[in-house]
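Here you get one chain, nothing else, as structure tokens; it is the form predicted alone.
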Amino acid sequence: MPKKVDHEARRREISEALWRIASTRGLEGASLRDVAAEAGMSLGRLQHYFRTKDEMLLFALRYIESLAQQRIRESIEALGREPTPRDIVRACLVGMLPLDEQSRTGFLVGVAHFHRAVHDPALRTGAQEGIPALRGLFADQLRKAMEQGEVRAERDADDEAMVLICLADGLSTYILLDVHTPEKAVQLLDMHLSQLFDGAGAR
């Protein structure tokens, strides 16, 4: 068991080295050798943990996603009350935006993985797998909100869930390009949520 823990710790250290490269100069031209140098180890040692760049990217992406999920849980717990469907949806969406250094780096790692997945059918299949689960999470919360009269019943929960995912992706891109500040992006997100959670009796 100790050996396994140490193995995972080394993989996380390599992932953190990859994040540093992502946040400073991008991953487009970064090689396994570059990441090994950033992590302070030989290429051969790095390849003991990751055989390919795609394998390393995927682990780094899942690791940083787990940290994002932890932040989302903590933000919901910080409410100090039973969260409403809107609370849960908003916390998830805000957690998807690159609002600080860690979440910005996570988004950049995701972009690097996305770029490779576009040209690799196997990677593309893997990248697609998380979307239905996220859409399902949002759609379930929207259905609860419909039952509670917070969202109009005639809305399609699955379609609205996909719109939310697309909104977060678009706002994230514009934050990185300095089209919007993080604060403006959150404001636009809240504006859309106000229109969505407008109540069953709204026009």
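A residue's number is simply how far along the shown sequence it sits, counting from 1. No experiment lies behind these values; they were computed from the predicted model shown.
Omitted here: the form predicted in complex with another copy of the chain. The next part is about that form.
> Using heavy atoms and a 4.5 Å limit, would one call Ile131 a contact residue for another copy of the chain in the model of the complex?
Ile131 belongs to the contact set for another copy of the chain.
> Considering non-hydrogen atoms and a 4.5 Å limit, does another copy of the chain approach Lys144 in the model of the complex?
Residue-level check for Lys144: no, no contact with another copy of the chain.
> Flag Arg104 as yes or no: does it have a non-hydrogen atom within 4.5 angstroms of any non-hydrogen atom of another copy of the chain in the model of the complex?
Although another copy of the chain is absent here, Arg104 would touch it in the model of the complex, with heavy atoms inside 4.5 Å.
> Given that the partner is absent here, does Arg10 sit within 4.5 Å of another copy of the chain in the model of the complex, heavy atoms only?
Looking in the model of the complex, residue contacts with another copy of the chain do not include Arg10, since no heavy atom lies within 4.5 Å.
> Only one of 136 to 144, 63 to 71, 169 to 177, 37 to 45 has heavy atoms within 4.5 Å of another copy of the chain in the model of the complex; I'd like to know which.
After filtering at 4.5 Å, what remains is 169 to 177.
> Of these, Ala112, Leu99, Cys92, Ile76, which has a heavy atom no more than 4.5 Å from another copy of the chain in the model of the complex?
None of the others qualify; the residue that does is Ala112.
> What residues in 13 to 39 sit within 4.5 Å of another copy of the chain in the model of the complex, counting heavy atoms only?
Read in sequence order, the residues that approach another copy of the chain (within 4.5 Å, in the model of the complex) are Ala22, Ser23, Thr24, Arg25, Gly26, Leu27, Glu28, Gly29.
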